[in-house]
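Two forms, one protein chain; structure tokens for each follow separately as structure 1 and structure 2.
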Structure 1
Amino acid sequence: MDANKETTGTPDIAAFAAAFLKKETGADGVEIHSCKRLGGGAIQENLALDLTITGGPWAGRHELVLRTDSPSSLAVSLGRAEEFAVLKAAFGAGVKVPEPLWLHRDAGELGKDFYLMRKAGGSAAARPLVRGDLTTDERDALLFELGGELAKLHTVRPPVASLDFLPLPDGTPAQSRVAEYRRLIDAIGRPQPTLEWALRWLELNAPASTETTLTHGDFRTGNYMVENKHLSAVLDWEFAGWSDPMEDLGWLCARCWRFGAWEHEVGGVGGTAALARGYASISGKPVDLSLLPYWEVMGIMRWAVIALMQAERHLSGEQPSLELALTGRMLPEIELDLIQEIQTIEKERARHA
């Protein structure tokens, strides 16, 4: 790597990546022009690499993203090698993801795995999107695309040999999630009465699941990229797993991911009708929107558990971080969302009883 070039990310890992790419591609040389740390990525680290490969079949200028571990991580997130396998499965299913190219399995040289993928165009910034100047038709078109991408992903069903590291739900996906979140909350060791109450509601109202598919696990505004008002890539696959496909839809629609645009149920962008049409255009069957409120509550519960765990990363001293600490401080607001959403569902039930 030319030391005079811009290296605002992590030069050591960039130099290591250059050596890895030279060997992996059979190149004569690899020159890193710049290495920049990308924004976001509270759980993983993403570096944008602008490089030139000389010689071999990959000769030319390339814009790649190197994805590796942050100093600490969440126990529920996948490792980089596992995430790479999921990304390849999604890419194979036709989902708009950055093309996964090379995986480095660490043998002690660097201290962590990483993988390289093509850099996607566009922006994942949530607030400019939800508060931007998109027309109603443009919002519906984007939601239609989002629905279609989820439907493509949900065509991947177990068993898949390359994804055998992903555990199947124990019982229905809803029951499995309740048990998982209860274990995680108990492990923190501090009373969480509001969350326990909401977990019990989720347990008593768990729907029967008709299918189990590959789910993204964090499909929301802020984790997909938009370019020229259209979807360009779905990012951040570290929470992928086998679950009910409605879990992805509920997470996208949960109140916590509307970024202040409360009137737009689907990620702060628009209503559910366009999303459902997009999904049905690929799946060939209608979305049962009556199940959505339950999975929105499940999504809020999941965000509460993540907030607790992010706070623990900071409080433990494992990764002192203002961002992680502030995420933990959001818990009272998330608990209020849980209470209000459950009350709304119960009032609707009483009205129709």
Structure 2
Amino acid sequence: MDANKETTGTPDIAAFAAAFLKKETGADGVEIHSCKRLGGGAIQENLALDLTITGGPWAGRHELVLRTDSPSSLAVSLGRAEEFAVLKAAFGAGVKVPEPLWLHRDAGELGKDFYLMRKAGGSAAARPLVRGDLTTDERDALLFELGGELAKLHTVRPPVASLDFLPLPDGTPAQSRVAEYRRLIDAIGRPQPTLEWALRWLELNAPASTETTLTHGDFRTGNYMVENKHLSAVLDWEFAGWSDPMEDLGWLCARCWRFGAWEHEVGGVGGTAALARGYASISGKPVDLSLLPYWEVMGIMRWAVIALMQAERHLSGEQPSLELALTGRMLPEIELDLIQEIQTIEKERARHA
């Protein structure tokens, strides 16, 4: 076993994972060819492992991703063992995710949980999709696929025994979110008038929920992989939970996740028609797009709260970081998005009144 060849990640983890795999797969040996840290993930650490298993049912060469906690994590996100269970549920529902393979539940040996999954092909980089040279038809095809994957995920409904750690919304999902974001803002302890204004609007305009399903919670451009212009995998499941399925669509379409391409409502990639068609092709019923603007505002609100929490990690001295510090200075942009999008909804409403 040689865990250190071409290693730019953490050799300790790679060696540990090799020993873990040997035991887990009943192998004679596990040779790690390379271990590389993958970009992205302020919260998680992702290592790409290229390895060969000799002996046992898994004998052969494998490209895997090891996902573990990085030193700092957000209280609102799932731990790795929970994320593994969500990934399994999504995989079981037919959602294109990297196949979850093995979970290491730590009992003090390494100091943290991790799991291994198959490495998905393609790239999750947002900019090439937003700025790239996809034709309109290619964009629509990708959005159709995204809609279909969301619809598959949303077929998973509570109760699911393996997901019993996920709390059900208290009240409707929208009411539950408003309460959650208020709690999180209060915990930081710095008053936020603009966010309170938007939260009050979200409270007063909360839709009656029609259903509660498994939701991804962070389904946006940058968190799905695209290979040869087609969706290859949906990543980053640490914010999954039971919620209104429209929350996933709102997050995907929120102005803060269009990477500057505001004219393309769905994640900076294209329009909502293709997304809705793809969704309906799986769910069998049309998407009520009239609910989308509300959930886009909820998405911007979510980003505001996450940005506040990230900035607080710097401000509190817990994790001094230029990137986290600048995230704090992004708050006015998010506040502007909130106000403008709510004003647009109100203007539309007045026009139709």
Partner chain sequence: MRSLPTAAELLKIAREGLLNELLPHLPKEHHYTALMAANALAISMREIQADDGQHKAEAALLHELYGSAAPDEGMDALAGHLAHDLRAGRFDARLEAVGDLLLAEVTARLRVSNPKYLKQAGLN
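Rigid core here is just the name for the largest C-alpha set that superposes within 1.5 Å across the two forms. Note that this is a predicted model, so its numbers are computed, not measured. Please note that residue numbering is based on structure 1, beginning with 1 at the start of its sequence.
It is structure 1 that shows the chain in the form predicted on its own. With the core held fixed between the two structures, A59 has its Cα displaced by under 2 Å. The Cα position of L289 differs by less than 2 Å between the two structures after fitting on the rigid core. Its Cα shifted by 2.3 Å, L326 is compared between the two structures on a rigid core fit.
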